[in-house]
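Here we start with a single chain on its own, the form predicted alone, put down as structure tokens.
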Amino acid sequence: MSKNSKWKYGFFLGCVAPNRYPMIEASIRAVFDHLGAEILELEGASCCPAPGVFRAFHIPTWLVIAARNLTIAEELGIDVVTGCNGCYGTLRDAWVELNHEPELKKMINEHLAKIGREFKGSIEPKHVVQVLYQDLGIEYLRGFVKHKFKDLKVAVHYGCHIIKPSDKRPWGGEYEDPTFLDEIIEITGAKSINYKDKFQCCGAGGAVRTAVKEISADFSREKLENIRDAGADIIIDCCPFCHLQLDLGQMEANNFYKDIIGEPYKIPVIYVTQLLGLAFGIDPNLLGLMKNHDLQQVPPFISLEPFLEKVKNQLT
């Protein structure tokens, strides 16, 4: 499809997607291209840096690195788009803080001047879901749906950084019960089901996954149990790090808590643009929807076969 000049974004990849889940990156590129939105590379971009690590140790360093990443997009004159909640949290929080605190902005720019850069605050960091929901809009997306899924029950996982802190997010101030991701999912015909503690953390954030794997897996176990109890066929997320935790984390929960969970967890985990892309009629291979493989320590760790089998007859 021809590109719409107003839908042009600098693609901030982050770390987890290109290194652990390149299929997520592939699906974002395929869906944006299909919708007529253009994404350009942010050459020289670094880690965002991670909000649960850098910010916890030294805020000025966190801000300088985030601001440097934003200046790359400023040079191109386009907004940033990222498919990662953590990257979104860092880039958007830094953008808001620096635009509202002149002295802080001055200090950060003194550091950036050493490498010939200046943060202006002239572009907006956006999430992939924000672009889909606010820039393109639900009705525009609906016009691309070719295949409607029937009897597909979806457990939507928002993740933390896409909605909090609410005063730095574009969802209307206090936002304790968002629906924007559910609305996107349901244009495909899938049903977003309610489940207990839907907005609970996946267990990966705040460096918990790195520091105390067993506690991290317990977060996942509780969330997965609630999802399974609700009868979900798949989990839909919008963050590669959440995706890692809900995919590989199922294997870890099955290992750590095998004595209390009963049957092992095996709920397919699908990124939002992978589901959208299928509904739009995009080739599953371009969306990175991989079938079973025999490779060790290579995602997806939970087989997608049950999901692909369930919808294959609805894709013709």
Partner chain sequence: MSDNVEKYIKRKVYKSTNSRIAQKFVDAGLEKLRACINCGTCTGGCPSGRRTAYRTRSVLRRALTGDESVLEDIGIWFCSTCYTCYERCPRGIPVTDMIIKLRNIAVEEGHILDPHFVLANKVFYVTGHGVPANGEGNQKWRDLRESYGLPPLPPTVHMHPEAVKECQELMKSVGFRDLLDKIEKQKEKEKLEAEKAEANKIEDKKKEKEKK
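Keep in mind that this is a model prediction, so the values were computed, not measured. Numbering follows the first chain given and starts at 1.
Not pictured, yet referred to below: the form predicted in complex with the partner chain.
Each of P18, I59 and R117 is positioned with at least one heavy atom within 4.5 Å of the partner chain in the model of the complex. Using a 4.5 Å cutoff between non-hydrogen atoms, H111 counts as a contact of the partner chain in the model of the complex. Taking non-hydrogen atoms only, Y175 approaches the partner chain to within 4.5 angstroms in the model of the complex.
R92 falls outside the set of residues with a heavy atom inside 4.5 Å of the partner chain in the model of the complex. Mapping the unseen interface onto this chain, D167 counts among the residues with a heavy atom inside 4.5 Å of the partner chain in the model of the complex. Contact with the partner chain in the model of the complex, judged by any heavy atom within 4.5 Å, is made by just one of L42, V31, L278, V272: L42. Residue in contact with the partner chain in the model of the complex (any heavy atom within 4.5 Å), chosen from F144, Y195, Y133, F219: F219. Of the candidate stretches 149-157, 197-205, 77-85, 180-188, only 197-205 contains residues with a heavy atom within 4.5 Å of the partner chain in the model of the complex. Counting a residue when any of its non-hydrogen atoms is within 4.5 Å of the partner chain in the model of the complex, the hits in 294-314 run L295, Q296, Q297, V298, P299, P300.
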